[in-house]
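So this first bit is one chain, no partners, the form predicted alone, shown in structure tokens.
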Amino acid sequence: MHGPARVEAICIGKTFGPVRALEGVNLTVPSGTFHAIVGENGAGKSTLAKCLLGFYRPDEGEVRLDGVPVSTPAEARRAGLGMVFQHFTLAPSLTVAENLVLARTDLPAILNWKKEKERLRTFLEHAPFQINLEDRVEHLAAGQKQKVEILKQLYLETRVLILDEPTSVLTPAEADEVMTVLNALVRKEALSVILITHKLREVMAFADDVTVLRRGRWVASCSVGSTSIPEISSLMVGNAPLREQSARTDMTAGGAVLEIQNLSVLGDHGLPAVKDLSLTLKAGEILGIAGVSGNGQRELVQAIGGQRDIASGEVRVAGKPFHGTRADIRECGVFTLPEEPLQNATVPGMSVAQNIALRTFDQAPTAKLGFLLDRGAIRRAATAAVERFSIRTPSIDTPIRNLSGGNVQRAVLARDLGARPPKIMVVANPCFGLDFAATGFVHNQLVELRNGGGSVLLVSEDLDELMKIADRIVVMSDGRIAHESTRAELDLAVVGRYMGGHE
């Protein structure tokens, strides 16, 4: 099977219980084109992609490839539909060759590895990326893993490739390389591409057409050449006013409030993840930590927050040792917002109100005598937080796992920035997977905390985010601080090389 395919989604509707995820959505992707799908969190983009792939069966409407109906994953795969997901789907302990071969649906009972590797080498002669077939995936950098994911789809003779936030884990240079290569394949009419992204600059740079979804409904489809980023943004949010970014107060950073001295932390496999790392966060400063995922950032944040043991070194707050205990957190005002808050910062089965109360459930007015919960006080506090932080939830009694990613993030920020704002906020990739409106909200909260004299340690894989709100930026590579720069002096090319481990 060769050549790109035409994709049609006709009047797609999909309901999950009381939630109407998609309603009357239409999508047409002509053969051999690059089509972007954008929308706020919860707009239905991922649900639509899963309907295209047959993972979800629409309640109404149908999906067609070259006019042929597709309704199951097997039919979609045979028709040439494939997807590169937001998170890697490779087997880390296997080699690149093993991952490529095992992705096939026509594997014989006994593999002839000599024949399979010869077939792979022939494939790579004409492939857009060159990867060592014998490398284990767990030893590859994020950019190389993303290339393997794309090669896997090309090896499977995918005709329509769906990409879900494909550049979120890449350095700027890697992102440009991947998108340019895919765009070239589209121009050669070897592939059709459907791009799901929040990065509107990528849409303008690479897509032919763009479709906008809002709250499960189709809003518009148009050629990229006939629109602009402000117009797309307006279509995404409708009549909802966009809040302007909070102005950064022109201020001089104060003394050190958070000091990390010669810190070493072990990773999940008992090997060093953070290696003799030292840095200082000052009062009234946003310090950004840039780096590709897997260079010790997660372990650093967990060590500061008391979620991971420290092998050696020390964390000090206001000159005193800080161990991340509940007592330390309250006394020092150090709050941590780790990656994937639904998994690491909330209790998914508990309600929105209960999750917002987790910081103060044993303090007045939420608790009486330190242990008797005042459920009325919890509900009143949650209602006020939902209104102040614009959390979209059917009810404060809704389990927090039912909220979109952006609204989970808002709920966690409501908890941490509510009645008693922190002195220090340690946040990791707070806008990963969020739309621009939710991203703007998070950025405003962090900037306002900084303007008020608080301090933020912002770990992010998005250089645009760091350049937008950080006062100072360091690059973390292989568990160490590899480079430091002020925002004004930042050289994007130099930072990208340090992020990629090339300096």
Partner chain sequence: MTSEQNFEGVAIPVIAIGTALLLFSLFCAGVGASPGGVLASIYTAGFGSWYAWQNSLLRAAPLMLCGLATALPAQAGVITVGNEGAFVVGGLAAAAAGLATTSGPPLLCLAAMFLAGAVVGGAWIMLAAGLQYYRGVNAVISSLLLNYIGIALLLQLVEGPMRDPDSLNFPATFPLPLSHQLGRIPGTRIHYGLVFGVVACLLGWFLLERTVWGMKLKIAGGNARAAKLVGLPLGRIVLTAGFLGGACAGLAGMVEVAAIHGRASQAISAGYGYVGILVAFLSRQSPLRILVVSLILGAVLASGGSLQRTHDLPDATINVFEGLAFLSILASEALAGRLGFLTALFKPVSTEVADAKL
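Because the structure is predicted, anything quoted here is derived from the model rather than measured. Positions refer to the first chain, counted from 1.
The following text describes the form predicted in complex with the partner chain, which does not appear among the structures shown.
Can you pick out, from A367, A127, L279, V148, the residue that has a heavy atom within 4.5 Å of the partner chain in the model of the complex? Contact check passes for A367.
Counting any non-hydrogen atom inside 4.5 Å, which residue from Q144, S351, N183, S293 sits next to the partner chain in the model of the complex? Of the candidates Q144, S351, N183, S293, S351 is the one lying within 4.5 Å of the partner chain in the model of the complex.
In the model of the complex, which of the stretches 255-263, 380-388, 228-236, 401-409 has residues with heavy atoms within 4.5 Å of the partner chain? Residues of 401-409 come within 4.5 Å of the partner.
Might V347 be said to contact the partner chain in the model of the complex, defining contact as any heavy atom within 4.5 Å? Contact with the partner chain, yes.
At the 4.5 Å heavy atom threshold, is K199 in contact with the partner chain in the model of the complex? Taking the distances in the model of the complex, the answer for K199 is no, it never comes within 4.5 Å of the partner chain.
Do R415 and the partner chain come within 4.5 Å of each other in the model of the complex, heavy atoms counted? Looking in the model of the complex, residue contacts with the partner chain include R415, since a heavy atom lies within 4.5 Å.
Hey, in the model of the complex, is V494 touching the partner chain, heavy atoms inside 4.5 Å? Contact check for V494: no, nothing within 4.5 Å of the partner chain in the model of the complex.
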